[in-house]
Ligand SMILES: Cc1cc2nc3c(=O)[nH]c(=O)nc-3n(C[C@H](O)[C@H](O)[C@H](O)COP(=O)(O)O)c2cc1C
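Quick heads-up: it's one chain on its own, the form predicted alone, in structure tokens.
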């Protein structure tokens, strides 16, 4: 069989880069770590967050939709919940669960729909809202169509309008360059998600490779909250995100088997395992608190 020398899968590239980051041990004087953190002024048990899933089905007879179940898991676990593409009625059901929830809205061609979903999220009690700017183009290079909904690029003027209307922390999801991160800061957004969106762009730079450059470009005085998603599967992955300058990270699709098979409890068990892995890594590297974690313990292969 002819060997394929073109390794264009960004998910593979991303995972390999995460795996290439190593830790040194610092055990003298180490103490039992505290994994709690603060995001947008709210306290959470750890910087592990839910992913922004969309349109999950009901996985078993007598069960609630997957969207509701993982929101319940977030509420019971004391972590931040994220929601992707859903209509207002479904978002209202998710918000009613009681988890602190961020609503991420697709870059619809119908920009009044974006405004409507922002305002609905605000009324429903969302912690923050944002736009998924990296779901603009389809594989044919034309504006994408998702479940029959047309997408389009969002202008600076569009984003300024959404930010003003939100009256909540506003997030741009799908940042993968210093260029876009600096533009986001100039717009006055509250947070960005550094992400390659499950490898939509072949050969995309890994989030953790570009993250330190973004942090440096934003500057020490930046008040931006930085999140990471994409391929995050372990508590040690979350540690690496924090050490490189992020404030929190979303677990990826790796939780799907547990969600499908065991629902709320399955998701709770998985994110607790990640929290414990984070604590274990913190202990072995000498960090007592999440906010103390830095890159001085990181090595690259």
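Keep in mind that this is a model prediction, so the values were computed, not measured. Numbering follows the first chain given and starts at 1.
The form predicted together with the ligand exists for this protein as well; it is not shown, and the discussion that follows is about that form.
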Given the stretches 136-144, 155-163, 103-111, 202-210, which is the single one in contact with the ligand in the predicted bound form, using a heavy atom cutoff of 4.5 Å? 103-111
With the ligand left out of view, which of 271, 37, 242, 232 would have a heavy atom within 4.5 Å of it in the predicted bound form? 232
Which of these residues, 247, 262, 64, 253, gets a heavy atom within 4.5 Å of the ligand in the predicted bound form? 253
Does the ligand, in the predicted bound form, lie within 4.5 angstroms of each residue among 84, 173 and 195, using heavy atoms as the measure? yes
So in the predicted bound form, is the ligand close enough to residue 132 to count as touching (4.5 Å, heavy atoms)? yes
With the partner left out of view, is residue 68 within 4.5 angstroms of the ligand in the predicted bound form by any non-hydrogen atom? no
Using heavy atoms and a 4.5 Å limit, would one call residue 56 a contact residue for the ligand in the predicted bound form? yes
Can you tell me whether residue 52 touches the ligand? I mean in the predicted bound form, with a 4.5 angstroms heavy atom cut-off. yes
